[in-house]
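Quick heads-up: it's one chain on its own, the form predicted alone, in structure tokens.
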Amino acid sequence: MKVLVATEKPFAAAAVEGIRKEIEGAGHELALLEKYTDKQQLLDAVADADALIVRSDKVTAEVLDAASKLQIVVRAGAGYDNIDCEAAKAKGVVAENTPGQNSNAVAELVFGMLVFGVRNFYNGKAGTELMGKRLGILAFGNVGRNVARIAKGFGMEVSAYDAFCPKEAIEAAGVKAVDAQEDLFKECDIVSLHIPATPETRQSINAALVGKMKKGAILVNTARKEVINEPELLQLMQERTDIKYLTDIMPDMDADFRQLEGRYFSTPKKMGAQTAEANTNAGIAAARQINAYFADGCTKYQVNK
């Protein structure tokens, strides 16, 4: 079987080496398409691929149509909105992600930005501390659990809300489970978002919700840009000059948010999974999942059932 790794932004060399070892060790062929600059290069490369590994590369219906032999595509990472899952399902192509492989990297970034934020972006003026503050975690998955673990090390109080995670499971992790999303925003000094971009969550983080937060509140988004209602959040922050917004997903309205000096920070590009460890872990996990699929049809991480 031919496994194509198509990455406009390549894996680290160590990750490619690990992927090659897994794929070739299982008797399959590995092909690389790195730093491609034109969609046609991807369309040509997938033509004879049986499996595909991508990062943030878009696997559209057009790509799937060009991949007549494709059986499985794996997104090396947790999010998979760059894959047209419905089109893949219609083509009989299994789509998977690699959950949990970059969870610690994202969680550590949350606190890197938080310390930067509460210390006023290191501008020399007195800031505040995280100890004793209440952190709210919206969605208690792999990343959320790691955020909770680190928060306890800072001496923070931790609450969480997840519509799909039982309260008992949240409380078993030593975290207070709240009954509703609104309650999380009302009672917490800081809210960290870890929800996927779905029809239900897109633009759900709006002025009505964030406006419930305490004076001096901080909103952290390392999830997806689409979950933020940018015009409403911007207007709210213009009216409430005590709120800060920290994100590793640059908003479409970045230039407008930058007018809120000292209360807004965005990295130039998405940084959550950008560590050597996460990069390697996700790539090797993708390779192993493909090997498992070819060996015995395992689809444990399928996202388009």
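As the structure is a computational prediction, the values presented were derived from the model and not from experiment. Here the rigid core means the biggest group of C-alpha atoms that line up within 1.5 Å when the two forms are laid on top of each other. One rule holds for the numbers: they count along the sequence shown, beginning at 1.
Another form, the form predicted together with 3-phosphoglyceric acid (3PG), is not on view; read the next lines as being about it.
Contact of A273 with 3-phosphoglyceric acid (3PG) in the predicted bound form (heavy atom, 4.5 Å): Yes, contact at 4.5 Å.
Is A76 a contact residue for 3-phosphoglyceric acid (3PG) in the predicted bound form, using a 4.5 Å heavy atom cut-off? So A76 counts as contacting 3-phosphoglyceric acid (3PG).
Heavy atom to heavy atom, is K9 within 4.5 Å of 3-phosphoglyceric acid (3PG) in the predicted bound form? Looking in the predicted bound form, residue contacts with 3-phosphoglyceric acid (3PG) include K9, since a heavy atom lies within 4.5 Å.
Hey, in the predicted bound form, is H28 touching 3-phosphoglyceric acid (3PG), heavy atoms inside 4.5 Å? No, no contact at 4.5 Å.
Which one of K133, K89, R224, K212 is close to 3-phosphoglyceric acid (3PG) in the predicted bound form, taking close to mean a heavy atom within 4.5 Å? It is R224.
Within 4.5 Å of 3-phosphoglyceric acid (3PG) in the predicted bound form, heavy atoms considered, which of T280, T60, S56, T267? Here the answer is residue option S56.
Would you mind picking out the stretch of 116-124, 76-84, 152-160, 168-176 that comes within 4.5 angstroms of 3-phosphoglyceric acid (3PG) in the predicted bound form, counting non-hydrogen atoms? Correct option: 76-84.
Rigid core fit then G18 CA moved by 2 Å or more between the shown form and the other one: For G18, whose C-alpha is compared between the shown form and the other one after core superposition, the shift is less than 2 Å.
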